[in-house]
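The same protein chain appears twice below, in two forms, each given on its own as structure tokens and labelled structure 1 and structure 2.
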Structure 1
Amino acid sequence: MTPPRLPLSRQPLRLIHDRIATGLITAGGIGVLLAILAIGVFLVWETLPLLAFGDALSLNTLSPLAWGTLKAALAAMLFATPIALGAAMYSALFMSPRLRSRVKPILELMEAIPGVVVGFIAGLLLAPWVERHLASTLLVIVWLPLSAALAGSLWYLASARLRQCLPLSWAGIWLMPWLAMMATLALWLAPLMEQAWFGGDLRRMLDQQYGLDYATRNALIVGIAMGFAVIPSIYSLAEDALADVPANLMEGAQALGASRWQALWKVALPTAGPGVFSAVMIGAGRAVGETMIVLMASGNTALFSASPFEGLRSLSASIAIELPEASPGGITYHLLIFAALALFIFTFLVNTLAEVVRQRLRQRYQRLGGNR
């Protein structure tokens, strides 16, 4: 029941405070909405003069850039999603709480590394190194997940005493030396394998047999660097969602005889599904909009190629490079504004899609008792 309304002068101070605060918050919300709308209107308005030059020009110029944006985001997501979600599942459900309370903040701290720094390292250190050691890099990328799986099956076969020494909830620690060992092994083996199977030089073979070109800065580098930057945001949100799965659901499933895998796959993931999904989509949104990493690690070649070894050029990087030197009112300027509009629509669509699917999934899984 609402209390009867008093005249303004006789209302308690608390109520007036409340109303002022509500008013300010509403005004702020409307202000933000108006600002977004104004940005959209400005971009559309500034793109209009392009109509005079014909659609063909803007399509020809922008379609490789749109493709580059998608390619970079896809590469980053391919690299980041498995790692981030795997880490989230493990740390939310299986990791020992003591370890988790230390690991999670550290992983989230990764998000604080500026994109410029990541891009700088990727473009100036990682890219030349990978170019010189292509075979080793590819081998490490394939071999590390496999060796982790190998560690899992070895652990399963190991004696009970060894399992006591290496508990599953501390796997995050004792897997590290194992993975480091496996990476060293791969790095040591790669030149030998290259010698035996690829005629001593993988790049030359790719070039001569398959006509595959290798650019120093390419989609692979962008994928690794931007994936690295996107991992913390996906991990953090997905981990929160999974940690919020009611413990009694997991315990109940395991009490009824489900294995850890089954409990994870059939109970935890569906329950936390909406949260996990929106985590991935937010990661994708960041990957689409990210500028500095793509700018510094991609070579900025406006190509239409699906090859992971060729460069790309994204909308955001184009805007960052060209806009300072484009004279206002010129055709380059309007094209860049159009690129900005395309980028705006891209991220808007990704976020809207994320929200819509999240609402749907949330409704569907509500009956499972999930609250996310």
Structure 2
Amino acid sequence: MTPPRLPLSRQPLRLIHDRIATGLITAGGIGVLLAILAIGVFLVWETLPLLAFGDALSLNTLSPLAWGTLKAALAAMLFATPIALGAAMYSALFMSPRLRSRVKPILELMEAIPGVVVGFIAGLLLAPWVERHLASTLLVIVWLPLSAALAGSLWYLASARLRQCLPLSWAGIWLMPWLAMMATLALWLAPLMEQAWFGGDLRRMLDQQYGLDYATRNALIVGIAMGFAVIPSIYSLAEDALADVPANLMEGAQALGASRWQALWKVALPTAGPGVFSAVMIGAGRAVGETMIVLMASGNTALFSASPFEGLRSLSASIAIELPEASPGGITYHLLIFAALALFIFTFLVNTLAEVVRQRLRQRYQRLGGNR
């Protein structure tokens, strides 16, 4: 029999506090949902007047901006995804727990760096340096991954005594001097290779033979800068997904004769695949919506070009530049609101898909945990 409910004045004080906290949390969650819904409704309402302009409206004006947005996001993801996922796999499955407890918080704190700071450094420091040393930059981008693979091959072929002195779990420390040495070697060799293969001026050769004009602020700079900003988001989520893979799966694969590398590719990645996919999608959503880095490092030229050496202009940058000067009710104003609606819908869909995939991952882990 259920005991009678006490009056509010006679209920324990802690129970009252719990109910108040639950009500506040519920109200806060509902408030956030209503705010998001209100933003969507406002954008749709402000976009509807575009239908009244009829033939005067040409959405072709947004095509270069949409292309620039996708181009910048693709450049950032090509730079950030291999680095972030590689760091996540090593940190979750290979790194020493002691080193991981120090490295992971530092990498996650990188996400707190404001985008305006990254854009400032990219636009005023990185872009002029890359313009003066284009061959060196391209050689370093290509050579560093190859040098890391070379270091792994040399470690595999080394003697057991040397491997004991350089354990794989601490490779994040002893590999840094090797990469610094390889980067110095690439910077030293790049001018010699440019003189021997490209007549001493790579930019002029690209312009004369391939018609590729080089702009100081271009998609390459945006990709490096925005990729740097996106890396912490992808790394943190992917690392958590890989670290949460049940240990009995990895131990079972190794007990059957698989190496740690084979267990990573055949067991850990398929199991954590939804979480890794969610991390990449969330990173792509941030790259699409990034404003300040693109604004300060892209040159803001609305070009329909696939060249990484030419500038671009994204939807978010156009909104930041033109909306303060657009007269309310004009076609420019409504086009910018429409651009904001497109960004809102894309980001909402990406985050929703990422959350659905994450829930699927959680259910898979629950099933695996129940079978242990």
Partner chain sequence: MKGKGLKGSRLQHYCSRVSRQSRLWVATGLMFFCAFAWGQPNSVVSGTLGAVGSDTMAGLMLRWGEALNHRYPNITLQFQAGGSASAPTALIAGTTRFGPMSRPITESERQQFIDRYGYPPHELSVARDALLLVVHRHNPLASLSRQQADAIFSTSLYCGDSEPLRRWEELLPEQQWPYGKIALHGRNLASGTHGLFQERALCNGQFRRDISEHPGSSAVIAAVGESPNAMGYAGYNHLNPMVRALPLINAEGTAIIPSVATIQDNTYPLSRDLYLYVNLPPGEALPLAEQAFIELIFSDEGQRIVQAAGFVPLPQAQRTPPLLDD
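By convention here, residues take numbers in order along the sequence of structure 1, the first being 1. Keep in mind it's a predicted model, so treat the numbers as computed, not measured. Rigid core (definition): largest C-alpha set, two forms, superposition within 1.5 Å.
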Mark the structure, either 1 or 2, that is the form predicted in complex with the partner chain.
1
Look at residue 306 and decide if its Cα position differs by 2 Å or more between the two structures after superposing on the rigid core.
no
How many Å does the Cα of residue 353 travel between the two structures when the structures are matched on their rigid core?
3.9
Relative to the superposed core, report the C-alpha shift of residue 26 between the two structures in angstrom.
4.4
